[in-house]
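Just the one chain here, laid out as structure tokens, in the form predicted on its own.
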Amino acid sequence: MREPLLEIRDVSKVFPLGGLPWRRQQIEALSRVSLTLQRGESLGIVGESGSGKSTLCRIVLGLARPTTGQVLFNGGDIHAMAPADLRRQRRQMQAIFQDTAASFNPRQSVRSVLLAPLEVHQIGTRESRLQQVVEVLHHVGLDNSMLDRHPHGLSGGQRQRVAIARAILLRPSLVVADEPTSALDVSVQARILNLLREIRQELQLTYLFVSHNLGVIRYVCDSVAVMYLGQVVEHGPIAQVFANPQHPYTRALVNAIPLTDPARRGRGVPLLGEVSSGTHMPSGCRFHTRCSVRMELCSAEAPALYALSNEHRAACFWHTPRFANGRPDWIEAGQVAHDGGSAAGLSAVQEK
């Protein structure tokens, strides 16, 4: 089996909060997240605000350190590398941020913004650097007239194209895109998404693509990881997850996608209550407080990610063999890798 480009191993991140020593609290932004990204693959990360998507991106890029766990890029742990080695690796991983207005220095022109990565990594001569900048601008659909403009003189779509140009300028292996289209008009979003797809094919890029929009994820990505309160609750190929979501939270998200044909709408799984506070995580399964098919066991123990097929996994006790007789009718579980249920609470299986 070929070595993955990116491997996230049991990554957790805890942010301490202020307060008196005996009353200090903390927020667990990520809890034992494990994901693998092969070269040329596009993995989508989806979830509500506060699910840990942006924190995961920052840790992958080396902008934040995990509390526990490892991030392997090209086989090396980026958080254990010497600064010089990490600097070399960062040429191979670039980012596209959500807020284009904040991701550029307002005093710098487009020319300065795009020349900076080449100068930092000492690539080429002054003349060849400028030629590369012009070429990459043309690649993203902009012309030379943009070189001397400043960010405030560009539209949102133009700023995002400059951001994409900056990300691909060094010919990276991995591009981390954190909500790259959420601040754009719908018509502009479509053009940017088409551009991202074209560039991925032309340059054979690998994407870690974050969005709260399932439609965007389905259009751009090959596989998807659904996150809830810092944990991955479902992970699998786009076609499988969208056609037959196997976690109640994923099913609720998929059923919320607007469809023009009422006959194609799936059976809804309602979400109960509100998202729990990051400082007071629910016991057991973190989703059980909002789940319409929860069992007594769900409030006591946290489910593992059960394998439904070679690539599709879901963190729900309904996929264990011992609950086969009482499964909701939309659950169509395949062969599970193991049974993670315990004896606690098995005698009282009830929907609430």
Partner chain sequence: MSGQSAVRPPLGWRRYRLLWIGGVLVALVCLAALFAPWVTPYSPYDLDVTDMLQAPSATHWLGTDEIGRDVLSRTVFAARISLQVGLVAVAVGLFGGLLIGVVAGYWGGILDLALMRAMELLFSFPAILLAIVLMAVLGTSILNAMVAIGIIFIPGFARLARVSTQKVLRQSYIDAARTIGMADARILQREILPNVMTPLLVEAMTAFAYAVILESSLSFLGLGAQPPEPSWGNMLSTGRGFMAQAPWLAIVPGAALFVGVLGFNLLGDGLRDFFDPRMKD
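What you are looking at is a predicted structure, and each value in this text was computed from that prediction instead of being measured. Residue numbers count along the first chain shown, from 1.
Form predicted in complex with its partner chain: not shown, discussed below.
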Exercise: residue 207 in contact with its partner chain in the predicted bound form, heavy atom 4.5 Å: no
Non-hydrogen atom contact residue 103 with its partner chain in the predicted bound form at 4.5 angstroms: yes
Close approach of residue 141 to its partner chain in the predicted bound form, 4.5 Å, heavy atom: no
In the predicted bound form, residue 71 touching its partner chain (heavy atom, 4.5 Å): no
Segment that reaches its partner chain in the predicted bound form - one of 162 to 170, 229 to 237, 132 to 140, 74 to 82, heavy atoms within 4.5 Å: 162 to 170
Residue (of 39, 58, 327, 32) lying close to its partner chain in the predicted bound form, criterion heavy atoms within 4.5 Å: 58
All of 97, 112 and 121 with a heavy atom within 4.5 Å of its partner chain in the predicted bound form: yes
Residues in 140 to 167 close to its partner chain in the predicted bound form, defined by a heavy atom within 4.5 Å, in order: 148, 150, 166
